[in-house]
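Given next, in structure tokens, is a single chain: the form predicted on its own.
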Amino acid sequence: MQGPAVVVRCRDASSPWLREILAGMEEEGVPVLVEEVSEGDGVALAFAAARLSSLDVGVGVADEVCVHHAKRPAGSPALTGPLARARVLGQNAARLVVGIPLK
């Protein structure tokens, strides 16, 4: 991985929900690395992403959006929400990194 970034793992890199997550993170000024994977639920994808992220925060996109921190237990994401809230969840993932209050 190049430089510090939040890792986003998703099953479909062309998803409009992924675009919303990335837009939310960009609004907060936090760099992102996207990895497309073939399987996994949101929680598992988010935990794996957080463990890969040099910033300890990862996002998983499947049937829902999950935001995880590497220091939390595997099955206990920091935030979970429907795909329709993808942009806000992206913003909040970035805010976990920056250390400012969540939206």
Partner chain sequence: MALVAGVDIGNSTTEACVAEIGPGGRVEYLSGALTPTSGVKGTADNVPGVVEVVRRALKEAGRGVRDLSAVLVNEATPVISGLAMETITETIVTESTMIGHNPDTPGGAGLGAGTTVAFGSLTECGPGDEVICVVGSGVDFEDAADGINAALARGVEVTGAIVHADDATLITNRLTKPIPVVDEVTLVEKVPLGMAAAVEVAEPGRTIRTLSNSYGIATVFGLDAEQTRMIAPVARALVGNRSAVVVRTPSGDVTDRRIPAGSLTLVGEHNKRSVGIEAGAGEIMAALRRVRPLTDASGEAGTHVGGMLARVRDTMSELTGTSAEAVRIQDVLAVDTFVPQEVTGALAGEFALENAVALAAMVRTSRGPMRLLAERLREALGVEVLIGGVEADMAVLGALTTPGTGRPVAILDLGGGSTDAAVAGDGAVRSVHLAGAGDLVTKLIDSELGLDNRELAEDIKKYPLAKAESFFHVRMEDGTARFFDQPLPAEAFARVVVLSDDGMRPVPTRHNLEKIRQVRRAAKHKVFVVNALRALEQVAPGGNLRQIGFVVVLGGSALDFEIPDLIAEAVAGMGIVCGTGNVRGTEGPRNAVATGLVASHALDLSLESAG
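Predicted model only: the values in this text are computed from it and were never measured. Numbering follows the first chain given and starts at 1.
Not pictured, yet referred to below: the form predicted together with the partner chain.
Student: Each of Pro4, Glu35 and Ser53 near the partner chain in the model of the complex, meaning some heavy atom within 4.5 Å?
Tutor: The answer is no; none of Pro4, Glu35 and Ser53 reaches the partner chain.
Student: I'd like to know whether Leu79 contacts the partner chain in the model of the complex, with contact meaning heavy atoms within 4.5 angstroms.
Tutor: Looking in the model of the complex, residue contacts with the partner chain include Leu79, since a heavy atom lies within 4.5 Å.
Student: Would you please decide whether Arg95 lies within 4.5 angstroms of the partner chain in the model of the complex, comparing each non-hydrogen atom pair?
Tutor: Yes, Arg95 lies within 4.5 Å of the partner chain in the model of the complex.
Student: Is Arg11 close enough to touch the partner chain in the model of the complex, meaning at least one heavy atom pair within 4.5 Å?
Tutor: Contact check for Arg11: no, nothing within 4.5 Å of the partner chain in the model of the complex.
Student: Answer with yes or no whether Gly75 is in contact with the partner chain in the model of the complex, where contact means some heavy atom within 4.5 Å.
Tutor: Gly75: no contact with the partner chain in the model of the complex.
Student: Residue by residue through 4-27, which ones have a non-hydrogen atom no more than 4.5 angstroms from the partner chain in the model of the complex?
Tutor: Heavy-atom contacts to the partner chain in the model of the complex: Arg19, Ala23, Glu26, Glu27.
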